[in-house]
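The chain that follows stands alone, in the form predicted on its own, written as structure tokens.
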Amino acid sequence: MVRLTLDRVTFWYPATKAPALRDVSLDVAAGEVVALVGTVGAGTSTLLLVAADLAPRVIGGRLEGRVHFEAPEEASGGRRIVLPTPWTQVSGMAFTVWDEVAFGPANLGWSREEIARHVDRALAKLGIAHLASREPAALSGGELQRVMIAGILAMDPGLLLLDEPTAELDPAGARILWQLVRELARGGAGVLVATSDSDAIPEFADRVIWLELGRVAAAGAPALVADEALCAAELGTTVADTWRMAGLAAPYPATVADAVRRWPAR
């Protein structure tokens, strides 16, 4: 079974005195979607880099604590990360979208038939099969973000790490992405996602972790995004925040459906 464990992790970027992460512990299991929320500078992106084994191995810095990732020997995709800026992940070696999505699987040593199957499936799932022959450099930001996600998906990851994956997507693209996240979890993948799309969290997440100044401030079920403290920090859902601003009593509803269920009781 795939599992990611962070045990009392503290991380410093190079040449900084204050740690970006402070004594963080969490775990993500196979079939589970964990959402990270926090304001700018909270440490959500840093946590994903640490989880992906990019910090400090690639970007430098200093790490204390334990980061452990385990996966079955037959799991070929390992742990993969999608960054919030898609142009930073483009290989620069592909002239078509199809070849860009195939770049990762090709480096796993798969057969041509297996690569083609995974690439075609990933393009279809992201709704971008019609872009297969396009040049990556000619795409919009949203289109390119879908291509990058497809490239990661095509490698069949056991653990998927997503950093603001809907930042470049329109509402339709975001819905496709969150539906895909749930589908991946049902297929046995673990997903850790940093997102400011609080309204979507109750629909796709199993748990929520709130980071504040590099520390875990709270953790719990998806209803956490309707917590009074998160709403005050402008991290709650639109419904919860509207309920709070209207002066209605806590606990706040996380979704419209929650609000409708509560309203007759008032």
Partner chain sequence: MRRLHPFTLLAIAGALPALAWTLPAPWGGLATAVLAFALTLTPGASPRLPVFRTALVTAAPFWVFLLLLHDVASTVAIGLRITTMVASFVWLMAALAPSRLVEAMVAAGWGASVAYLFAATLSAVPLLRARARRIVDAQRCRGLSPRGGVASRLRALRALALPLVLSALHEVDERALALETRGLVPGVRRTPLAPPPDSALQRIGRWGLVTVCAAALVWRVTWSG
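Numbering follows the first chain given and starts at 1. Because the structure is predicted, anything quoted here is derived from the model rather than measured.
What follows is about the form predicted together with the partner chain, which we do not show.
Only one segment in the set 181-189, 121-129, 134-142, 164-172 has any non-hydrogen atom within 4.5 angstroms of the partner chain in the predicted bound form, and it is 134-142. For the options Leu211, Leu49, Val239, Leu224, the one in contact with the partner chain in the predicted bound form, meaning a heavy atom within 4.5 Å, is Leu49. For the candidate spot formed by Pro84, Asp99 and Trp110, every residue has a non-hydrogen atom within 4.5 angstroms of the partner chain in the predicted bound form. Using a 4.5 angstroms threshold between heavy atoms, Met148 counts as touching the partner chain in the predicted bound form. The partner chain in the predicted bound form is approached by Arg57, whose closest heavy atom lies within 4.5 angstroms of it. For Gly158, no non-hydrogen atom is located within 4.5 Å of the partner chain in the predicted bound form, even though that partner is not displayed. Contact between Ser196 and the partner chain in the predicted bound form is not found at the 4.5 Å heavy atom cutoff.
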